[in-house]
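Here's a solo chain for you in structure tokens, the form predicted on its own.
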Amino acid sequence: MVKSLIEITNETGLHARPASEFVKVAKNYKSDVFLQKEDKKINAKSILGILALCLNKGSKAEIIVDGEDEGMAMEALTDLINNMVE
């Protein structure tokens, strides 16, 4: 299991379009992917779960990946978050 703390830096936060992109990338991997904000942990392969976290600019959350390809999944997901411009 790998974990990484992220901060949402894009102006509009993780709204529908970037959340959809996050889910799309997460689904490319066999590992289980979760996002946790404070005490709320959701399946990050669900766009509704991501939207329910209300990740606005400046929000901090933890990406948790568990499975056979967890390293590659974590790298792809953190790169996506760090390079969001929308």
Partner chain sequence: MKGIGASQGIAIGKVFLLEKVEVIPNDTKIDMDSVEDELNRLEKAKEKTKDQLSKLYDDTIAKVGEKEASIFDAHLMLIDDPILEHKFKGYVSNNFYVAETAVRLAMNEVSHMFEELDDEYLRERAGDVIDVCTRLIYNLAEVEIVNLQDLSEEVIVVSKNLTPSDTVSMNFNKVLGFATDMGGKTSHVAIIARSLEIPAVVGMKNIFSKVENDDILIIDGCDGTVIINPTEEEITIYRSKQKELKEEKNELQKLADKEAITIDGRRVKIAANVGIEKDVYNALKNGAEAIGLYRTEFQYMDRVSLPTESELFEAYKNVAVKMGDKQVIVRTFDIGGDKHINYLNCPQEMNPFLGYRAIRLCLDRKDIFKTQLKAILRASNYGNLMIMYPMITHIEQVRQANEILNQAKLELHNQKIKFNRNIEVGIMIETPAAATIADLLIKEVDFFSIGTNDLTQYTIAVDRGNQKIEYLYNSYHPAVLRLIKKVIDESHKAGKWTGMCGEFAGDEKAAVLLLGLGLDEFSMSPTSMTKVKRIIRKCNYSSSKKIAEDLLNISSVDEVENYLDNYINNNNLKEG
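Positions refer to the first chain, counted from 1. Predicted model only: the values in this text are computed from it and were never measured.
Unshown form predicted together with the partner chain; subsequent notes refer to it.
Novice: Decide whether residue 37 counts as a contact residue for the partner chain in the predicted complex under a heavy atom distance cut-off of 4.5 Å.
Specialist: Because no heavy atom of residue 37 falls inside 4.5 Å of the partner chain in the predicted complex, the answer is no.
Novice: Evaluate residue 72 for contact with the partner chain in the predicted complex, applying a 4.5 angstroms cut-off between non-hydrogen atoms, and reply yes or no.
Specialist: So residue 72 does not count as contacting the partner chain.
Novice: Are any of the heavy atoms in residue 12 no more than 4.5 Å from a heavy atom of the partner chain in the predicted complex?
Specialist: Flag for residue 12 set to yes.
Novice: Contact between residue 27 and the partner chain in the predicted complex at 4.5 Å, heavy atoms?
Specialist: Looking in the predicted complex, residue contacts with the partner chain include residue 27, since a heavy atom lies within 4.5 Å.
Novice: All three of 17, 43 and 46 touching the partner chain in the predicted complex at 4.5 Å, heavy atom to heavy atom?
Specialist: Verified in the predicted complex; spot residues all in contact, yes.
Novice: Residue by residue through 49-63, which ones have a non-hydrogen atom no more than 4.5 angstroms from the partner chain in the predicted complex?
Specialist: Sequence-ordered list: 49, 51, 52, 54.
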